[in-house]
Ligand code: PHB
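Below, in structure tokens: the form predicted alone, a single chain.
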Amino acid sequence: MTRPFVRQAAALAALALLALPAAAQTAPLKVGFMLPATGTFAALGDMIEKGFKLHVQEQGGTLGGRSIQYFSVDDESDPSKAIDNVGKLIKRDQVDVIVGTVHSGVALAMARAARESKTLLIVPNAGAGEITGPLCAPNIVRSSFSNWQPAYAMGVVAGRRGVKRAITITWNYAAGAETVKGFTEGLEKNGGKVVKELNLPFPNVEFQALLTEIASQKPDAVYAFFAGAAAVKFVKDYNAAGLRKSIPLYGPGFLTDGTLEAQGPAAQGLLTTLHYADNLDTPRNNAFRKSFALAYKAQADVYAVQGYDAAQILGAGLAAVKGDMGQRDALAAAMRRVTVDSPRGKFTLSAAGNPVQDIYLRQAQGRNNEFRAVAVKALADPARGCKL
């Protein structure tokens, strides 16, 4: 009696082991959102999450045949808390993939944690150059932009419009420094130069002293990088100071994306550069905006697009491995090979994991950032320092 019992137990154990991979593939995929839920960038985080979930809903609630279980952590837009916060998702919740974040300083800490733990990370906004530069890794991709891309494109536009002397103004943090560098590079290649760089601590929004300095310098143009509530206040303050009458204000699209209604008349006519324009008249964008409006009773913006495309990139990777997260290397490689059919227009990913995409010149009209031209076509981030 002993031997048949042992043989039966061994057979059952073997069957159980064979069933493990299949069971793992049918279990819910754990997606962790580490996005701002409070503070200056809260509205941006909300739109990213809604965009991501919209694509999942359109796929019947699954990606690569896997249902999705969501976990959320407020990143607090605070780099000093980033390691603890991302640890909640990696160690406590044991997520399969992390989607985040907005603040570049926080995202840098997340990228380091993802490299160490080999956790899949999709960055749906933060443009810090290091993420697809020195910190690049096979398990990290971005669905948005690098800070360099829209900034460089606006430098090109400003130079072509005859700007010879420009002043930049932004927060004194990673994204601010990188966007100024990109704008300066594009401007200098087109005959202009930045004569002064103004900045203030994040998230300070007391602009008056700096606006007074701009007025005294009388540059040909000002390039500003702010987002969310700070962008609303800056555009209003710049207009109230009477500067727009004599000194054109330029910026990357974050200056007016998701903020136009609050900015009101102060923003009308502003030119910005970004990888998305609200009125791109394509079947893909029109369908996306209609679907988003029906789902959330709100107008989609670039942040929603970036969240939506993060889900598309993840879905492509999962489809390639039939939902098997055990094949992480193959999944990550498939994500980099995808051509994303995005509302912004089709784009690919560079070897460093950053979108290679058209950057548009847009103008604020009513509640939309309307397409005016392609500022730079198929612009790839330099990915300086990336070694894979």
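Residues carry their position along the shown sequence, with the first being 1. Just so we're clear, the structure is a prediction, and the values are computed from it rather than from any experiment.
One more form of this protein exists, namely the form predicted together with ligand PHB; it is left out here, but the text below deals with it.
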**Study point:** N147 within 4.5 Å of ligand PHB in the predicted complex, heavy atoms
**Key:** yes
Review point. Going by a heavy atom distance of 4.5 Å, is F71 a contact of ligand PHB in the predicted complex?
Key: no
Exercise for review: Check whether T272 has any heavy atom within 4.5 Å of a heavy atom of ligand PHB in the predicted complex, and answer yes or no.
Suggested key: no
Review point. Do F41 and ligand PHB share at least one heavy atom pair within 4.5 Å in the predicted complex?
Key: yes
Review point. In the predicted complex, which of the stretches 91-99, 108-116, 216-224, 173-181 has residues with heavy atoms within 4.5 Å of ligand PHB?
Key: 173-181
**Study point:** Residue (of Y308, Y276, Y152, F254) lying close to ligand PHB in the predicted complex, criterion heavy atoms within 4.5 Å
**Key:** F254
Check your understanding: Which residue among V156, V163, A126, V235 has a heavy atom within 4.5 angstroms of ligand PHB in the predicted complex?
Key -> A126
Review point. Is any part of 92-110 within 4.5 angstroms of ligand PHB in the predicted complex by a non-hydrogen atom, and which residues would that be?
Key: V102, H103, S104
